[in-house]
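First, one chain by itself: the form predicted alone, in structure tokens.
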Amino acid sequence: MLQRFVLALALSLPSAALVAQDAPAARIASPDGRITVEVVTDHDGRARYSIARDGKPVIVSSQLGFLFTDVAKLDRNLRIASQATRSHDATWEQPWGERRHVRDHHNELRVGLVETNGDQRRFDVVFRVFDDGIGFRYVFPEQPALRRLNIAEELTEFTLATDATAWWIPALEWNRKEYVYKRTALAEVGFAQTPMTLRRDDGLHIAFHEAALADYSAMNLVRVEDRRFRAQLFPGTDAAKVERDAPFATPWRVVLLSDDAAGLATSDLVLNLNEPNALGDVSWVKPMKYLGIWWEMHLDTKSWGSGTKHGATTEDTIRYIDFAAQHGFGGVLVEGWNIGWDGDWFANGEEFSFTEAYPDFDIEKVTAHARERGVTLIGHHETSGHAAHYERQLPDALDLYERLGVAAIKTGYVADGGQAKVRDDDGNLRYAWHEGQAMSRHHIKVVTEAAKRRISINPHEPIKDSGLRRTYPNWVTREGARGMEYNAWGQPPNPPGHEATLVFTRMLDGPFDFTPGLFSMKSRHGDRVATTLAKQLALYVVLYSPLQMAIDLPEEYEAKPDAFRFIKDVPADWEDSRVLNGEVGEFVTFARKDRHSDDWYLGAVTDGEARTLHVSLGFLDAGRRYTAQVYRDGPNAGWQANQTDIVIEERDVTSGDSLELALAPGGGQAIRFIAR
């Protein structure tokens, strides 16, 4: 479905042939004129591009092109045969999201490149330049010399003009994307995943990512030399990393630019590079908060497998459903309900059944009870990375959930990097990377099949987010980073600056099922989790997800009802979102407005340092008074001692006021502004 959208858009753009003109260079600027892009061919006929901002170079001369497995590479002896420009300015509405209305304002340059020798193969490079960055992609038209493209590698480069500090995680490692972000000099970056975030000495922030990743392998960045990086795709299941028939368009390569970190975190550029909603009416996609039979398994007090420790029993699930209904939660996640968890499930994904429950879990009774209480069961499909086995059962599994009224599914692909299992065109079982082309196709299949049953999808161990939630709004959130479970058993747990780093790195992807709301503060090993209670509340505003979990056990929430009140109140869907301040890995403050009321919410978090942040309340509606319900770190709070020391208080405020936010080491502050 997405491929048809991409192709239709590519063919609807101004035809390069109609404006054909040999030119030494092609240029385009952003709507505000601050960002400029230039495309040239050098003395060898290599296509190269550069980016400047305010007249200063950001990306200096960087190559474009491809390597193939079966034909000569496409990089030299090129000429600019055509160029066309257009402008676009429109606003569209998200069915759910960080903000209701999104403006898409960009200028576009389409450069036609043709070989001067041989078969005169041709391709276009399309640049869209926004006020906060650029996206570019390759478009291959139908042509005799390139009917089938077996891509060995892209030759796309990003050569930085100056040194910078980098925040990044390694690529092609066993633990997929679940690493603590490194902060290093640019020269110390090796092989990195995207998003990768940089900060130059002059304050310019740069982030590299991609958009509209469909039927293609995800992009990493490898530092070739000095400040020159090259795209490197995840491997395929054969010699080629990507196999596609022309005509087709690649994903967009994205460069975000901002004077400060806040500008990165509020960009809609990646979303705007994706196609509009392809599903039609999606009013059935419901953002919600949920509880789950999950955390106790990570604490090792319950088990996914059957036996005396089994967590997913009928009795316990009904208890969770009743607690959810009592406190206004929309769903209950149940992991370990289905046959297949006994033994070495990590290695034996083919043992999973997605329609057969363990004897002590009556799925008919549980879902009926949930419906009676106004709660939905959130289904769980762990595959152990065995995508082929899952696809065989997918229609029956989805039909079962549709019949039972299950509104959302958390899928899982727990397997080491490179150990997912897919079937090739000949039906052979092959190993694959979680972010290779085969898994890209798999995720689209799951999402589109689920949409036919009005079911939303939340994959863990997923392919990276690239804005496809705009095209498929039932692809509501995902994992794809080091989440809260590492605070149960990680050695060590997540560091105190982890969340303030995620905002400006992983969260540039899109929604993250981080699963906040920890009240018990200890790992299964007795280690302190690097947080305070107030920070756990603030994370509901800071780390966005339309499926937002309350991670801890019901008894922990019952023991702290005053703090639990904020989790009960905070929405999972927003009218507007703003970053009031922030530095990568240090601190950040978000303000978000509820989509279904006039209330605003604020969340601020810090790293291991205590901080006092000053924020203006100018985001509040002018002329109105608000009751600010404040949940702040107590005077003795800190992640290394007195983690649950919290002060809960109220005060009257207006948009003309400002607040002083005192954050303890590893702490935070959460505020609800109730409009009067």
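A residue's number is simply how far along the shown sequence it sits, counting from 1. For clarity, every value in this text was computed on a predicted model and none was experimentally measured.
The form predicted in complex with a small molecule exists for this protein as well; it is not shown, and the discussion that follows is about that form.
Across the proposed site, E499, R578 and F587 without exception lack any heavy atom within 4.5 Å of the small molecule in the predicted complex.
The closest heavy atom approach of E485 to the small molecule in the predicted complex falls within 4.5 Å. Taking non-hydrogen atoms only, E461 approaches the small molecule to within 4.5 angstroms in the predicted complex. The closest non-hydrogen atom of F361 lies beyond 4.5 Å of the small molecule in the predicted complex. At the 4.5 Å threshold, heavy atoms of W304 reach the small molecule in the predicted complex. Exactly one listed residue, out of W341, Y544, F519, F248, brings a non-hydrogen atom to within 4.5 Å of the small molecule in the predicted complex: W341.
Residue in contact with the small molecule in the predicted complex (any heavy atom within 4.5 Å), chosen from E479, E435, D552, E210: E479. Residue heavy atoms within 4.5 Å of the small molecule in the predicted complex occur in exactly one stretch of 140-148, 114-122, 294-302, 420-428, and that stretch is 294-302.
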